[in-house]
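Presented as C-alpha cells, the chain that follows is alone, the form predicted alone.
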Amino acid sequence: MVRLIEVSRRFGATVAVDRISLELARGAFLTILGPSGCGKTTLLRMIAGFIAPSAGEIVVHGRPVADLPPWKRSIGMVFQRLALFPHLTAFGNVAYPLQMRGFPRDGIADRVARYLRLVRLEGLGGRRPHELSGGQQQRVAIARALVFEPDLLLLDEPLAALDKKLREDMQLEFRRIQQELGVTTINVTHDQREALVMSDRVLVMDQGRLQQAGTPEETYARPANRFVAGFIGLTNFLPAEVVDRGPGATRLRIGALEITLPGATARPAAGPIEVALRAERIRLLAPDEAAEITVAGTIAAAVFEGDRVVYEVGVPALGPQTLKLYDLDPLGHGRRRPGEPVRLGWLARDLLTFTP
C-alpha cells in the first residue's frame, strides 16, 4: 500500500530526513518511533503531501503521489491538535469530509451513524466538541478521518496530550478500530509503549536516519544498535572487554567479572565493547536462590511506581556504575531500603553487546 524509495528532506543545510526506504503492506499498522526532532513528523507530512521530498519517491496504492495535493491522496489524518470544528456537532464534524467530497446527501446520515457506532459514540452525535471528554473528542477525530474510507490513515501523535490512563485506553481503541476496518495505518510517536502495543511493524528513527525496522518483538528483543537498545525500554550499559572469542563462545570481562556468552556474540576478536542489560532481565535473588550469573550489591535508591519498584543497585564487581532493575511484585517481596545488601542474578544470553 505504501512504498518509500530513498526519501530525503532538507531544510537549508539541515537534513531532516535522510534516505528513508520502506514498504508497508495493505492493512498493516506501522509506527514511526523516535525522539523529538528525529524527522518522524517530517516523514509523515511528506507522505500526506504537506511537504515535498527533496529527493526520493513516495508511492501510495501503486501510484506515485509527487504531483498529487493532499486532498487527492485518499488519506485520512488525525493530528495531535484534533482540529475539530467547534461550531459543529460530532455528527457535523464526521459528516464534513463526505460533504466536501460530494457524497450523496441521502447516504451521509447512515454513513456517519455507522462510524459513530464504530468509535462507540452512539447517542452523542448532537454534542459539540466542548461538550465531550478528551477521549470522546479523539473518537470523533478518528471517525472523521475514516468516514470517507481512505486508502491510508496517518496519525500525528494524536494521543500525546492525553493523561496516562486515557492514553493507554485509546491505544487499545485505535488498534481495535484499525483491525476491525483493516485500514493501512502509519502512526508517529515518541512513546515506546504506544509503538509496541499498537503496531505490526516499528520503524525507529534518530537524526533523520532509519535505525531499525521490524516487528515490535524483534525491535525490543534484538535492537540493531546502541541507540535502539537505549531508546526502547530501561537499559543498563556497561563497559566491557572481549577476552577471548571462539567459534562457540565469547568470554567477556566486565569490571572484575568474567562472563562467557554463548556463540560468537561480540564482533571484535578482542578489545573494548559495551554490554547492555535490560532492567527487567535482572532478578533480586532470595538468600538460597541460584542464577547463572550472580553478583552482590547494595540498594542505592528505590522508586515505588505502584505495580513495580525501580531499584538502583551499586555492584562493586562491575565498577562504579549502578544497575537499574524492576521488582514486579513489590507487595509480595516487600520494599528494599537504601543501604540494604542484595544479590542479583541474570542469564548470560540476556546480555547484548555493541561495539563503541
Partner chain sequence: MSRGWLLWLLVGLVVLDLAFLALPTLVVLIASFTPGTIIAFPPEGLSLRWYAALLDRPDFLRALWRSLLVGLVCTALAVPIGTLAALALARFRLRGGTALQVYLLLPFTIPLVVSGIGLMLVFGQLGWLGRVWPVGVAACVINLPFMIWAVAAAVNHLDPDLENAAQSLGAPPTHAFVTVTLPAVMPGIVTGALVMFILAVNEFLVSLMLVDARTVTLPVLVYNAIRSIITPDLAAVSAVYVGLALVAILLLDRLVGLDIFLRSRKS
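Numbering follows the first chain given and starts at 1. Since we're looking at a predicted model, the values are computed, not measured. Rigid core (definition): largest C-alpha set, two forms, superposition within 1.5 Å.
Omitted here: the form predicted in complex with the partner chain. The next part is about that form.
Here is the short version: of A213, I177, A240, L82, the single residue with a heavy atom within 4.5 Å of the partner chain in the predicted complex is L82. This chain is drawn without the partner chain; in the predicted complex, the residue among P247, P86, G126, P104 with a heavy atom within 4.5 Å of it is P86. With the partner chain left out of view, the stretch that reaches within 4.5 Å of it through heavy atoms in the predicted complex is, among 107-115, 282-290, 73-81, 195-203, 73-81. Contact with the partner chain in the predicted complex holds for all three of R45, P97 and M100, each having a heavy atom within 4.5 Å.
In the predicted complex, the partner chain lies farther than 4.5 Å from every heavy atom of K165. Taking the partner from the other structure, the partner chain in the predicted complex has no heavy atom within 4.5 Å of any heavy atom of R139. Residue displacement note: G107 has its CA displaced by under 2 Å between this form and the one not shown (rigid core superposed). When two forms of a protein are overlaid on their rigid core, residues whose CA moves 2 Å or more are considered shifted, and F148 is not one of them between this form and the one not shown.
Relative to the superposed core, G182 undergoes a C-alpha shift smaller than 2 Å between this form and the one not shown.
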